[in-house]
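Only one chain comes next, encoded as structure tokens, the form predicted on its own.
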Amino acid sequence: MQLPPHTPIENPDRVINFMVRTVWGLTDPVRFYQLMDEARALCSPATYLGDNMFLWGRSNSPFEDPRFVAAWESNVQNDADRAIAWRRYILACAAYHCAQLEGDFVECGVYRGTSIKTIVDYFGKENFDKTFWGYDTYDYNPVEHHAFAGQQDGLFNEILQRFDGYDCVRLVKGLLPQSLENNSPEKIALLHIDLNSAEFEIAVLDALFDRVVPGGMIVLDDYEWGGQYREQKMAEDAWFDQRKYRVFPLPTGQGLVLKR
């Protein structure tokens, strides 16, 4: 597969600031952003505010990669999509690595398919020569209190239309892990899990982890988030500990595992 080209940085003094007024868990959003505006003025430039992250003095690498920026911006559908740019770039970088391995790509928890489509567009759909499997219930959410906007009858057909012409993408509708039976790849290079449930995520790991090839990557979307997601971290830490692995906790809220 032809890889996205590296674009050298021509100006070492370039400063990129990024802010999206979309974060979660606030009791007073108006006051919060007033304080953040004040904090940004007190910090060195090159700030990132979004997805519950406030950073400063960073290169903001997602926005230094023009190929990624084009893929990301063309697939943004709401403020949340824009806020999680760094999470999307983690996936794009993981995909760059895993594209050079044998095995397919798999995402469990697709929703509107933005992660999958951003990755494929990053490479170029005509150039993407792996199968990218996307598993979800689509039209409903089996996790209590986690239904997303538009998650109702007809969503699956809408997402199928969104991927019209993307022959490399195979969307599978059904409840995990049952929907994997006789309908999943034998070798996996990249496994992205975003199911918002410890029970479902452990079931998927039970079914798919051994199929991840050496050098392959597993990205756990909710691993490092607190609150109601903390049960996922607890369950996954114990699961990986039994296999002598440690999850890399990322400030984006994701967890990363490199298969050996």
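What you see is a predicted model, and the numbers here were worked out from it, not measured in a lab. From 1 onward, residues are counted along the sequence shown.
The form predicted together with a small molecule is left out here; the points below concern that form.
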Q. Is the gap between Phe163 and the small molecule in the predicted bound form 4.5 Å or less for some heavy atom pair?
A. no
Q.
Within 4.5 Å, heavy atoms only: does Gly174 come near the small molecule in the predicted bound form?
A. yes
Q.
Test of understanding: in the predicted bound form, would Val143 fall inside 4.5 Å of the small molecule by heavy atoms?
A. yes
Q: Decide whether Glu107 counts as a contact residue for the small molecule in the predicted bound form under a heavy atom distance cut-off of 4.5 Å.
A: yes
**Q.** Full three-residue contact with the small molecule in the predicted bound form, heavy atom 4.5 Å, for Asn17, Tyr33 and Arg58
**A.** no
(Q) Looking at 193 to 201, 231 to 239, 23 to 31, 45 to 53, which stretch has residues with any non-hydrogen atom within 4.5 Å of the small molecule in the predicted bound form? (A) 193 to 201
